[in-house]
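Quick heads-up: it's one chain on its own, the form predicted on its own, in structure tokens.
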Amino acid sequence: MIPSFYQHWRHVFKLDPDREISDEALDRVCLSGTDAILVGGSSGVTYDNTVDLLSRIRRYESPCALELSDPACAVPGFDGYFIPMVLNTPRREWLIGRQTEALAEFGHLMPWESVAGEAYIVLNGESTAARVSGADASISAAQVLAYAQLADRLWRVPVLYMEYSGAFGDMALVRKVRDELNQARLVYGGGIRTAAQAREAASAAHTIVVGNAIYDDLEAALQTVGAARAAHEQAKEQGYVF
């Protein structure tokens, strides 16, 4: 059974357990109208700081999911779990190594109805995600499309994540990848800092993720919620269904 907890999400705020966020800022994020809160980070994520952040988010009704890159940080109580795998890396541990090790120990405990595979294509070589995973971000557009087809059609991974982390990506390429997908949901993350960027990204991908802007410019980050919603309403009016 393919999990459905994320399939209606258009806009998501991503919070990093290793970064400080005040109660006031968290209140505004969770009451912003975003479709969900995603918890995860590329470094410094621990069981303790994940538990702490989840307990604060749970004061609100926002759906909350965990991006689980380290089994040591597997905190129960989230509405859903994403298991990331980096497609464009030569390091086996970031594709299937960590995942199979975790399943060998915890597979019998997994709430599979709330777990979704998440195939990453990391496209900013300067990002922490690229450095940690060893991802080759210099791949061509043709290679990006090939990875997308691999995940979507051969492996049938339910979520494909184009990650530009810290830089605003190539929206023409994002849109091209989205239009090539048969069943995977395309998530875009990276460099969304303004309402205009949110609207453009939301017109190209099924779901957009806003992360760093929360910590750098909260007011601008909050404006991305309405911008993403407006982009999807416009798409529906034009007959395009995400």
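Fair warning: this is a prediction, and the values are worked out from it, not measured in the lab. Start at 1 and count along the sequence shown; that's the residue number.
There is another form of the same protein, the form predicted in complex with ligand 1GP; it is not shown, and what comes next is about it.
(request) Kindly confirm or deny that Phe82, Pro84 and Thr100 each have some heavy atom within 4.5 angstroms of ligand 1GP in the predicted bound form. (result) Per the other structure, none of Phe82, Pro84 and Thr100 touch ligand 1GP.
(message) Between Ser114, Thr89, Ser165, Gln149, only one gets a heavy atom within 4.5 angstroms of ligand 1GP in the predicted bound form; which residue is that?
(response) Answer to the contact question: Ser165.
(request) Would you mind picking the one in Ser62, Asn212, Thr194, Asn49 that has a heavy atom within 4.5 Å of ligand 1GP in the predicted bound form? (result) Among Ser62, Asn212, Thr194, Asn49, a heavy atom within 4.5 Å of ligand 1GP in the predicted bound form occurs only for Asn212.
(request) Mind telling me which stretch in 104 to 112, 68 to 76, 130 to 138, 156 to 164 gets its heavy atoms within 4.5 Å of ligand 1GP in the predicted bound form? (result) It is 156 to 164 that comes within 4.5 Å of the partner.
(message) At 4.5 Å between heavy atoms, is His232 in contact with ligand 1GP in the predicted bound form?
(response) Contact with ligand 1GP, no.
(request) Verify the contact flag for Lys14: yes if a non-hydrogen atom of it lies within 4.5 Å of a non-hydrogen atom of ligand 1GP in the predicted bound form, no if not. (result) Answer yes; at least one heavy atom of Lys14 falls within 4.5 Å of ligand 1GP in the predicted bound form.
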